[in-house]
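Take a look at this single chain, the form predicted on its own, given in structure tokens.
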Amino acid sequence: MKRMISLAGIVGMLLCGVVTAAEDRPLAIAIHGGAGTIEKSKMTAEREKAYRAKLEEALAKGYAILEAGGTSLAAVTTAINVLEDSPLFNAGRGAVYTYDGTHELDASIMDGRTRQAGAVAGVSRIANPIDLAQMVMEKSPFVMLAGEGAEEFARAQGMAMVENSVFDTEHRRRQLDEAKQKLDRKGGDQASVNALPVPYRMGTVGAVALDREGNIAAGTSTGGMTAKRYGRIGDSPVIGAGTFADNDSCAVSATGHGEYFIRFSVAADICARVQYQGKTVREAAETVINDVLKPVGGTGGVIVLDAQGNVALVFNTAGMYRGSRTSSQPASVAIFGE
């Protein structure tokens, strides 16, 4: 009897130790809502308050998932859903207009534990593209689906469709009108993405997270470029460019001038520098964003997180909507270059 009690006690102690160890593991989440010409002098106090409140909401809901023992993937999608559902950001309901006056949305997600990934591009009837990207990752043998095919897959999985007009907003319509006027003065064509000023070429939301199991994940969602044409797709749905996650290195979600982020494989490059050069996430991000991209004209930023809970929020523009919270650092959001 004593031997049985002793064994039971040992098992209980071991289980308690496992639970305690899991609870002591770091948790972390970081989010962004796009980078660009974001200057305090050009933003009303009311609008700044609205942006900060929505960033705080996304951060709080994502972190709550982690605190409850949820996965990094669930935290990423939860945080991104908040930003997709807000007309303040260029994703989901706040998506910019194409040249033809419609909306085409892109998103991707990656699991750092398995390096499985899913992405969708050019969808027009999906309320939350990040959810469909996760569905592609988990319920198909593919990584990326586009346009009508992606929506056919969504319907087959039981996902509800929405009217494209759901994404209409007055301020994005004004941006389209202004962009088309600028394009008309330049000849009316946008075969070159440099035909428009930087503010029209940027706008994304994203999240990276670390859960109690030590797994990291990354996700990115966007409405793309104002007045985009010809089925243009940026870096947001491209694994290795706008999104990347690997437990052995880091998780990255990017925002900026997508063509540069694709050409320079920004997200994967940052993680490669962490894994193979032993750089910290901040060192790797600073090098790629400021030393690699900036000299060639690439503008934007990244949020980066490693499996130890270290966070870096780096950008080479006037501002980036951003926020982070870890088990050792309280929640913090920022907008400008403060």
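Start at 1 and count along the sequence shown; that's the residue number. Source: prediction; values computed, not measured.
Below, we turn to the form predicted in complex with another copy of the chain, even though it does not appear here.
Of the listed positions (L132, M225, A79, A217), a single one reaches within 4.5 angstroms of another copy of the chain by any non-hydrogen atom in the predicted bound form, namely M225. Exactly one listed residue, out of A179, I126, L88, A117, brings a non-hydrogen atom to within 4.5 Å of another copy of the chain in the predicted bound form: A117. In the predicted bound form, another copy of the chain sits within 4.5 Å of a heavy atom belonging to V143. Residue contact check for A64: none of its heavy atoms lie within 4.5 Å of another copy of the chain in the predicted bound form. Although the partner is absent here, N164 is not a contact residue: none of its heavy atoms lies within 4.5 angstroms of another copy of the chain in the predicted bound form. Heavy atoms of D168 never reach within 4.5 Å of another copy of the chain in the predicted bound form, leaving it off the interface. The candidate stretches are 71-79, 261-269, 88-96, 208-216, and the one lying within 4.5 Å of another copy of the chain in the predicted bound form by heavy atoms is 261-269. The partner is not shown here, but in the predicted bound form the stretch 208-233 reaches within 4.5 angstroms of another copy of the chain through a heavy atom at M225, R229, Y230, G231, R232, I233.
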